[in-house]
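For reference, the chain that follows is the form predicted on its own, supplied as structure tokens.
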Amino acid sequence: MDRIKIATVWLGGCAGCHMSFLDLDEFLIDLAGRVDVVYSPIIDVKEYPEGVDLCLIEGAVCNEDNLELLHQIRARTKILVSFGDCAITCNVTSLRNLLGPKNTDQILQRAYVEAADTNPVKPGLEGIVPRLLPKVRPVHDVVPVEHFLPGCPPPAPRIKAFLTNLLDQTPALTGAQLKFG
């Protein structure tokens, strides 16, 4: 039987969900026996692969790079999981939404000039800082999501329970959408 291909992705967030994932400790060894991690910020893979069974997506959709990657993930993945509160509600990352959709330049000015300790320069060269979207959005606002795993971050026992439940339904990963969580 083929092993389940999983991915984890980090969009606009703090990496706390991935840190909680690493807190699975010895369960990671059990997990490694059942899945192939094919894409993640904790492994060195540059291109999101085809044929991914399950992807845990941490963070909100904040910039054009996030948006492009998210569409690629949805096209190449069977089951998407909004992983943590930033992916589900935008959480802290959405605070910039309070400034309104036309203020992305003001946000960069504040972050790179006004709040800088040294070298107060707003990045101006194309490709240095991804263009901000007018509004920070949760993952499910951009693409369909099958499951939500809440928490800031989700605690390791919740992640373990979710993955165990999902992996125990392995035949469903090859066909129909799962209905739980």
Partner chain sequence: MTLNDLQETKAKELATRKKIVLRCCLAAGCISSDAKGVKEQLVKAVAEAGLQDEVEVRGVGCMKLCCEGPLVQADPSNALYIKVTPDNAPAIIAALKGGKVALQQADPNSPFFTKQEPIVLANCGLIDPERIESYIAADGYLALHDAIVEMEPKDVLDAMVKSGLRGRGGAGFPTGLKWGTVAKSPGARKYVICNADEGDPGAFMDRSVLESDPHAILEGMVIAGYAVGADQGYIYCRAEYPLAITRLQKAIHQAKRLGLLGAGIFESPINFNIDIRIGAGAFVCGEETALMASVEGKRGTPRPRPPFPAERGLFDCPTLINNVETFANVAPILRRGVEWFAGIGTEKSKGTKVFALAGKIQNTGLIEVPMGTPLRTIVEEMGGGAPDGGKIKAVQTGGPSGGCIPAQHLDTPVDYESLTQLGSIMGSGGMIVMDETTRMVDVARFFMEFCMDESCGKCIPCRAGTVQMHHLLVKLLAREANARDLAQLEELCDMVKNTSLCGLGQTSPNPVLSTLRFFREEYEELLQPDPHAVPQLAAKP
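Numbering follows the first chain given and starts at 1. None of the values given here were measured: they were computed from a predicted structure.
Quick note: we don't show the form predicted in complex with the partner chain, though the next part is all about it.
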Touches the partner chain in the predicted bound form: residue 146 (any heavy atom, 4.5 Å): yes
4.5 Å heavy atom contact, residue 71 and the partner chain in the predicted bound form: yes
Among 136 to 144, 111 to 119, 23 to 31, 44 to 52, the region lying within 4.5 Å of the partner chain in the predicted bound form by heavy atom distance: 136 to 144
